[in-house]
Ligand SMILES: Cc1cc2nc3c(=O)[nH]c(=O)nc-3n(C[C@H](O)[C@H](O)[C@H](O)COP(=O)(O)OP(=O)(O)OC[C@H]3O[C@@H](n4cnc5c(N)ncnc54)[C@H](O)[C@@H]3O)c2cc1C
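Here you get one chain, nothing else, as structure tokens; it is the form predicted alone.
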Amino acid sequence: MATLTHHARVHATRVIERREVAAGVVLLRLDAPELANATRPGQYVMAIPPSGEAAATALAVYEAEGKLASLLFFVIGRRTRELSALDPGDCLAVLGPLGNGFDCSQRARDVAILAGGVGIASVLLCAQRLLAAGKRVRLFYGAKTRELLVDAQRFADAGCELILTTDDGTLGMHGRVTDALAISPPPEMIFSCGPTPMLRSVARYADELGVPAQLALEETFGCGVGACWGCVVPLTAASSQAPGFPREDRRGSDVVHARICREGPVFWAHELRW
């Protein structure tokens, strides 16, 4: 994974569109030209609720083009409820872009993107970058029910081949998105974001077939900048993403703890020791 240079700062953005794309799923489009220009696939921001009464929350950057950056998220708590109540013209401060994202420069020509639920928010920029490079992109997209397969047509219009799954069978294959991957021709590389159980299944599949996979881990961040060490994951010490601090006697261990918010959120599956 190529380590990105961090150019994070606080951006004073303005909401230009607020849309509920499904029940409890909100898209905020922001006037944020500097953020859009700096963001790379898989990066995120810490969005600061305007009241200041709740801590900032980590949200993937969904779109980033021209003057526009957007956030797509589930409304699941106090912080996201406050953000979801914003209207066009309202101001929103965000810190970002943060983290190390997807490495889209690999030579693989036939790639699979797996997204579970709101994990779709992390992979649009990745899909666009891969399609622009002339790669075949298959999007395996799963959700609980058809209404939560938000913006699937956006990916199809861009040129992705869609393989949809739902837990209740209301659209696409009845089952998990990893089930659909297992019965499909193997890709040359995998990019994925979703719940941890799904990512573990993707990692097992990739290991069994010898397919390189990049996983964007989902986690609740305390600070988002690597200061609190509250979002660590075991990682092989030989990884280029292994942190150099704190320096400690590992007593022969080849495992270190990397911060998902700082060294990640995207890691090579074969380097994770979870």
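None of these values were measured; they are calculated from a predicted model. Just count from 1 along the sequence shown to find any residue number.
This next part talks about the form predicted in complex with the ligand, which is not shown.
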- Task: Consider the chain as shown here, without its partner, and state which of Arg204, Arg78, Arg107, His174 has a heavy atom within 4.5 Å of the ligand in the predicted bound form.
- Result: Arg78
- Item | Heavy atom within 4.5 Å of the ligand in the predicted bound form - the one residue of Ala121, Leu114, Cys126, Ala143 that qualifies | Ala121
- Pick from 233-241, 206-214, 58-66, 28-36: which stretch has non-hydrogen atoms within 4.5 Å of the ligand in the predicted bound form? 58-66
- With a 4.5 Å heavy atom cut-off, would you call Leu72 a contact of the ligand in the predicted bound form? yes
- Query: So in the predicted bound form, are Pro41, Asp103 and Phe267 all sitting within 4.5 Å of the ligand, heavy atoms only?
  - Reply: no
- Query: Though the partner is not shown here, which residues of 167-183 have a heavy atom within 4.5 Å of the ligand in the predicted bound form?
  - Reply: none
